[in-house]
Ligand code: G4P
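Here's a solo chain for you in structure tokens, the form predicted on its own.
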């Protein structure tokens, strides 16, 4: 996706050979035009799949997730990382390790929002080792629903997440795939169009 690649080049900050900071358009401040275009692109990539729900994890997956759900005309569900007094019973719970934050979170989704027979598209902002995507997929499967695919905004292709998810049988579509963050520079796995 050319617009996203250009944003990464123009505004992304390489903090190390493992970490890319994109808080000016995705993780803190958000570019609504870019979010809308990402939603359209995910919808195009998963066209014809009869998706009934979009699932993401708070908080950075919410914006691309809601724009995708809007384009598809289906609800967005986001897994919560924070404990809530109103979300304690009848929930799906999974443990997920965050590569960026170097911590394990319990993510929760109310059982009333995902049903047997649902066809769920998972959307997330980054893919590194695949922990968040696997955790979300386990929640979908606990519900007796089907993971139709996993849409990723930025995949760090030099980490194993994409390969592991595909080996597990999931369809993964990434809008941008980064081959390397070495020497303080972003190198894409796919050339700029």
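Model, not experiment: these values are computed from the prediction. Positions refer to the first chain, counted from 1.
Although not depicted, the form predicted together with the named molecule is the subject of the following passage.
J.: Indicate whether residue 59 is a 4.5 Å heavy atom neighbour of the named molecule in the predicted bound form.
T.: Heavy-atom contact with the named molecule at 4.5 Å: present for residue 59.
J.: Residue 64 versus the named molecule, in the predicted bound form: is there a non-hydrogen atom within 4.5 Å?
T.: Contact with the named molecule, no.
J.: Considering non-hydrogen atoms and a 4.5 Å limit, does the named molecule approach residue 19 in the predicted bound form?
T.: Yes.
J.: Hey, in the predicted bound form, does residue 128 get a heavy atom within 4.5 angstroms of the named molecule?
T.: Close contact exists here: in the predicted bound form, residue 128 approaches the named molecule to within 4.5 Å, heavy atoms only.
J.: Looking at 132, 55, 150, 38, which is the one with a non-hydrogen atom within 4.5 Å of the named molecule in the predicted bound form?
T.: Going through each option in turn, the one that passes is 132.
J.: Here the chain is shown alone; which of 89, 95, 112, 101 has a heavy atom within 4.5 Å of the named molecule in the predicted bound form?
T.: Checking each option against the named molecule in the predicted bound form, the one that comes within 4.5 Å is 101.
J.: Heavy atoms within 4.5 Å of the named molecule in the predicted bound form: which stretch among 120-128, 141-149, 66-74, 38-46?
T.: Heavy atoms within 4.5 Å of the named molecule in the predicted bound form occur in 120-128.
J.: Heavy atom within 4.5 Å of the named molecule in the predicted bound form: which residues of 153-176 meet that condition, in order?
T.: Residue within 4.5 Å: 156 only.
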